[in-house]
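Below you'll find only one chain, the form predicted on its own, shown as structure tokens.
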């Protein structure tokens, strides 16, 4: 779609926490730079300031007493400014009769700020929150956009029949779905998603990464291997350790660094049982800019995941000029072409990961440099923020068109 002028609209980017994850924050800032009035609702997890006058924050307080006061004040505001919405509040609460008093207060804390400051488009970043806000469409005739990412579609509804039923019930009423990959849109079709309503907008990274000068020496030993992501079974760290143990047995000298948050007791046990204490280093999370700095010191980035949408951290590694070895999970094959812009291996296959690590150590500098340049061209062409923001602008403009024309 060709945009002749910037649309004037109010778009809520909802993740439930302030600030949100890095890629959501990129979206918020990018939209604000284009003059979109961006509304942010949720709980403030740490101090955070938006520079743009186009970003409007409506925080929900922490603590039971503060939340009760907040809800009461918000109800009074609804009564004074939009009394007709009290009927909507009553109807919403009646639909959730099984909720306890505390759950109802918490729910009102989430929805009342949205009711008092309704956007034109409400964009839900995490699909599990879909049932909290579909009243915007059914009761206020606002547009609802839902993003489809990773775990929330790929395995959560498989493990939770109630969640699967919730998706099947609400998906037909969503205006537009944003999928991070073609693979995840296909997966969501199991839950009554109409593919005609889905738009694929791939994850993206800051173009500034492409200004970094890539490493040229990958022959130093030990080989510096890096993985980034929370400790969770879907990240496949146990498989990576088995793979690197195989590679060690075949003569590969390496240091494997995992930057991750969460409980890693099980991983520590595996490291010790495999005798990899001298080969594995765990860093308990770093700020995003420090992760990028650390990445530039690595020789190869390893994504051993069982499940992903499209991993942003892989895109960042590619943009940074770090070669990537990734499993063929989720939409990763939509980014990586094996032996062209990275190495792609089957999921849950430690032997294949080990073989890829060994193959990488045997590549010539020229072959590695060519792979890096192909990877950076992939990012330059398909995964830069400016293009992503333009795609979201087009999506929102298309969604809001019936209102604008009406």
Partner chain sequence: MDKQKIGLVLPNAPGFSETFFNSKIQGLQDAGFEVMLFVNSKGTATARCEVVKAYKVHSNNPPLQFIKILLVFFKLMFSAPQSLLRFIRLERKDGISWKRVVENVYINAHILSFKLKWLHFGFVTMALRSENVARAMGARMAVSFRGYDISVYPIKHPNCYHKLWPKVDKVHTISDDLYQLALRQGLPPQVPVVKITPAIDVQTFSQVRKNTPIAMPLQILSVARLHWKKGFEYGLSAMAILKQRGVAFQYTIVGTGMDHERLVFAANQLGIIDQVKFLGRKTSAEVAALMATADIYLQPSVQEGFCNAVLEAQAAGCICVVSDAEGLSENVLHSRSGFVVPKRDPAAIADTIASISQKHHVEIQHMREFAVNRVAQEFDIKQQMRKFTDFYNS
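Residue numbers count along the first chain shown, from 1. If you're wondering where the values come from, they're calculated on a predicted model, not measured in any experiment.
In what follows, reference is made to the form predicted together with the partner chain, a form of this protein that is not presented.
The candidate spot formed by 38, 95 and 170 lies out of contact with the partner chain in the predicted complex, as no residue has a heavy atom within 4.5 Å of it.
Under a 4.5 angstroms non-hydrogen atom cutoff, the partner chain in the predicted complex has residue 273 among its neighbouring residues. Not displayed here, the partner chain is approached by residue 306 to within 4.5 Å at the level of heavy atoms in the predicted complex.
Put simply, residue 101 is far from the partner chain in the predicted complex: not one heavy atom of it is within 4.5 Å. Of the heavy atoms in residue 380, none are within 4.5 Å of the partner chain in the predicted complex.
Shown without its partner, this chain lists 32, 347, 371, 60 as candidates; in the predicted complex, only 347 has a non-hydrogen atom within 4.5 angstroms of the partner chain. Note on contacts: among 72, 140, 82, 158, the single residue with a heavy atom within 4.5 Å of the partner chain in the predicted complex is 158. This chain is displayed without the partner chain, yet in the predicted complex the stretch 149-157 from 247-255, 149-157, 215-223, 290-298 comes within 4.5 Å of it by heavy atoms. Along 232-261, these residues reach a heavy atom to within 4.5 Å of the partner chain in the predicted complex: 233, 238, 242.
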